[in-house]
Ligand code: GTP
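Take a look at this single chain, the form predicted alone, given in structure tokens.
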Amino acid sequence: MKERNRPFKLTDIEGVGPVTAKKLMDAGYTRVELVAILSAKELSDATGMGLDTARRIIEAARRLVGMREFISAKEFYEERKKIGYITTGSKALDNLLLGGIETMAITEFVGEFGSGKTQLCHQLAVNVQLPRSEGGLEGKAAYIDTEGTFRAERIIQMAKARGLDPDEVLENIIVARAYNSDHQIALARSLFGRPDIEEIKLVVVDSLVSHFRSEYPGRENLVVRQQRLNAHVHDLLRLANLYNLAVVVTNQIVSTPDIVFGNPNKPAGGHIVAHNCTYRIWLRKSKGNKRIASIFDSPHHPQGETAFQITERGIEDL
């Protein structure tokens, strides 16, 4: 998308007047860039307008923001230089991830209970506020808690360990408890319209799939569950790409006892999560405070693993 000196208004889109702009805003599409990356069916379903009208509006929005069908690989490479990294607190884990947690991507941490997923999420919500010279992005964090595991007390511990003002760190983390999958989807979508969204550099969903699994059990509900989960993950991807922020999600393990050879455990969410999460890291608990992190899916990271520890101070090297 092209650089601009001022934010576009919805009414700047050709064919969008005050009435249509209100429809878009009521549906949660408050920015021209967000309209530009929608599909016609999504826009039609959300606003009630016809598919042809939705298509025209989306095409006009894409022209306005300068979205092109193709760019050269050189231009793509230059765009990727804008990516930022958040340190995990462990140099070994940062090295495994080739710099830390990337912006413009979804990083998924998979593991059993006690493997350190939530601890990592807390640590990243603190570390994103660090100066860039110390591995942060000098930004805020948005934390969607689906299982009631967010603890401000843990944030305070981690902030003090890094010489940060705990009150200031807590102020820079916005937290919401998601009570069901509808609420979880709505919370993610509400971030698009926040006036401080440009300051948010990390979005955490801990955990991603739990509500969807409990509310849509059985094979008879599988299609609906996966459709809704797919829409939610795509919203998170759009947040990451539109605002150059990092999205971190945690995921549970499900067991497939019919497997005789190989690992019977696999991440929940099936192909929807597998295809849409950019980087996937498996966490395993070892002796004492030690944890093992293994990359098992990435478009450019080599497969490998490393160890780190979880202490009172937070995530650290062994």
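Because the structure is a prediction, the values reported are computed rather than measured. All residue numbers refer to positions in the sequence shown, first residue = 1.
The same protein has a further form, the form predicted in complex with ligand GTP, not shown here; the description that follows concerns it.
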### Query
Any idea which of 150-158, 230-238, 94-102, 134-142 reaches within 4.5 Å of ligand GTP in the model of the complex, heavy atoms considered?
150-158
### Summary
Heavy atom within 4.5 Å of ligand GTP in the model of the complex, from candidates 172, 226, 87, 119, belongs to 119
### Task
Verify the contact flag for residue 39: yes if a non-hydrogen atom of it lies within 4.5 Å of a non-hydrogen atom of ligand GTP in the model of the complex, no if not.
no
### Query
Does residue 77 reach ligand GTP in the model of the complex, with heavy atoms at most 4.5 Å apart?
no
### Query
Is residue 295 close to ligand GTP in the model of the complex, meaning a heavy atom pair under 4.5 Å apart or at it?
no
### Query
Does ligand GTP come within 4.5 Å of any heavy atom of residue 310 in the model of the complex?
yes
